[in-house]
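This document contains two forms of one protein chain, each encoded as structure tokens and listed individually as structure 1 and structure 2.
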Structure 1
Amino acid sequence: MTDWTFRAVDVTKSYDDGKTFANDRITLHVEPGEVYGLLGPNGAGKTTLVKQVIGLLKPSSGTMNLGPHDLVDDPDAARQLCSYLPQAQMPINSFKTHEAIAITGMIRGGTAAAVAARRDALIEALDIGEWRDTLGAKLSGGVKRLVGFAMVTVWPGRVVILDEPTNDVDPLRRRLLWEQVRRLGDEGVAVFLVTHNVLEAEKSVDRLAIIDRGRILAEGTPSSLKQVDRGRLRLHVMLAPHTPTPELPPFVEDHTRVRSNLIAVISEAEAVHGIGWAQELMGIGIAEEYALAATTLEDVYVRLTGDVAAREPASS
């Protein structure tokens, strides 16, 4: 049996005659049925990477294979095997919702009846039936995004590439969309998912990579990435505007400051001391509120990608 794992090896994409590296020796694989997340700040190189999978861009060096197919050498195969939701809007202004989904499904090789059945199921599952006969030009941004999602997943192929599918989508429908993403995975499709929504991704992806400046900083399952934070809590202190960071007690193991948000990492054993300290800060008017919570993937993300604190002016 063919192994339909997607493999990228040492993929490098440089611009401006090798002066800027949008992707720098990226190696990863996505197995059939796996939902693989790609997280990273703006300009990290996520879109550049997925555009190379579908053959819209050509790597400067490195290889990408899906099963027996070399996707770099054979972009025609890449387009048949992978479907792609771009980060930009879809060209469906003069399509009714149901047409856009059905025509794309048939272009992708589905028969009319099979595509129609799946389309109707998707329209129902994403709760966009209200706009079934609406022209794309009259759809709100979020609904248009959901229609785009339905277009590329109605007849998906082996790999579905989603570049920020939840942009503009309301919280309830976002859940419906994540459910469908999971379902694609359950049915054997490899999903390559670019998102900024770290907390939602945490619940939906099987594995993920965090990339910045073209490089993979960390890769693994959400829980393996949080491993180092096991036994720790995050104490989120909302400082009063324009206050300098207060002196930190010794039990604070790590901290980041983004504008008025001070996030201190403490061990579970120090929970009581942490709360005491935060209340003290509130008492003297330095802090406005606080919250104590388990560490999330977002903490890992912030720690890896960033000295967000260093990038932002500390006083703001």
Structure 2
Amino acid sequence: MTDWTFRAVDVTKSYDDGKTFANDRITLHVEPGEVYGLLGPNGAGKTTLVKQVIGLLKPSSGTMNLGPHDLVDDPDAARQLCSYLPQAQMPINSFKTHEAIAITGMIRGGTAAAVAARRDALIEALDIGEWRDTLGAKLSGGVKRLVGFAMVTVWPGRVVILDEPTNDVDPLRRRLLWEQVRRLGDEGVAVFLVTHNVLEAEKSVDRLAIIDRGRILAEGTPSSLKQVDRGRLRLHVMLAPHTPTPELPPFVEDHTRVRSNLIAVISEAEAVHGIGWAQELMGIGIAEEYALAATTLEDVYVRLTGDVAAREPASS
């Protein structure tokens, strides 16, 4: 039986003869049935790596293999074996939803009957039935995104690469989409999830790599990556609008601020003091609310990349 594990070893990509690197000696593997996250800020090198996987770019050095196929020497095999949802919307303006999904499935080698059955199941699972006969030009950005996902997964390759798959998708249908991502894994497909959405990655992936400036900074399960932060808590203080950052007490080990969201990292032993400080800020009108919780993958991500812009107000 063929082992369809994807492997990249020391993949390097430079556009200026080695002066700077979009990817710098990236080594990773993704097994069949695994949802693997590639997490990093804009410009980190995620999309460059993906384009090499699917044969649109050639590495400056390094190897990439999928099962018995050398994807560097045989980019045609890469395009046949990998399904790709890019960040940009699919060009489906002239097709109805059901047509776009079915055509893509048959182009990828599915029979008409099998593709139709899978298409109908995806339309129902993603709750986009009301737009089944709507032209792509008339769809909202979020529904287009869901249609694009269905096009890519109606007849998936050995590897499915999803680049920011939930962009513009409403919260309810995001949950439905993630259920289908998990189902792909259960069916034995290797899934590459490319994203800067830390919270979604933590909930959805089996393993992930945090990448920045072309290099992998850390790799593992969400739980293992948070291991270094065991014994620490995140104190989220929602400051009143236009309030400057208050003086931080000595027990605050680290902090970041995004708009009115102040995230303070404290030890578990200082939980009572942290709550008291937050309540004091509320009492004098500096803060409006607070929450104390275990550290998250988001905290690890910010610590490694410095990308505080990744924090979302609702969760930070």
Ligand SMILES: Nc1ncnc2c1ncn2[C@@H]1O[C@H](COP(=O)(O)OP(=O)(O)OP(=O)(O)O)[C@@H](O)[C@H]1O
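Please read all numbers here as calculations on a predicted model, not as lab measurements. Only the largest set of C-alpha atoms that superpose within 1.5 Å between the two forms is called the rigid core. Here, residue number means position along structure 1's sequence, counting from 1.
Participant: Between 1 and 2, where do we have the form predicted alone?
Facilitator: Pick structure 2; the other is not the form predicted alone.
Participant: Determine whether the C-alpha of residue 271 shifts by 2 Å or more between structures 1 and 2 once the rigid core is superposed.
Facilitator: Residue 271 C-alpha, core-superposed: shift of less than 2 Å.
Participant: 2 Å or more on the CA of residue 68 between structures 1 and 2, with the rigid core superposed, yes or no?
Facilitator: False for residue 68: its C-alpha shift is below 2 Å.
Participant: Cα of residue 138 displaced 2 Å or more between structures 1 and 2, core superposed?
Facilitator: No, the C-alpha moves less than 2 Å.
Participant: If I align on the rigid core, how far apart are the two C-alpha positions of residue 262 between structures 1 and 2? Answer in Å.
Facilitator: A shift of 3.0 Å at the C-alpha.
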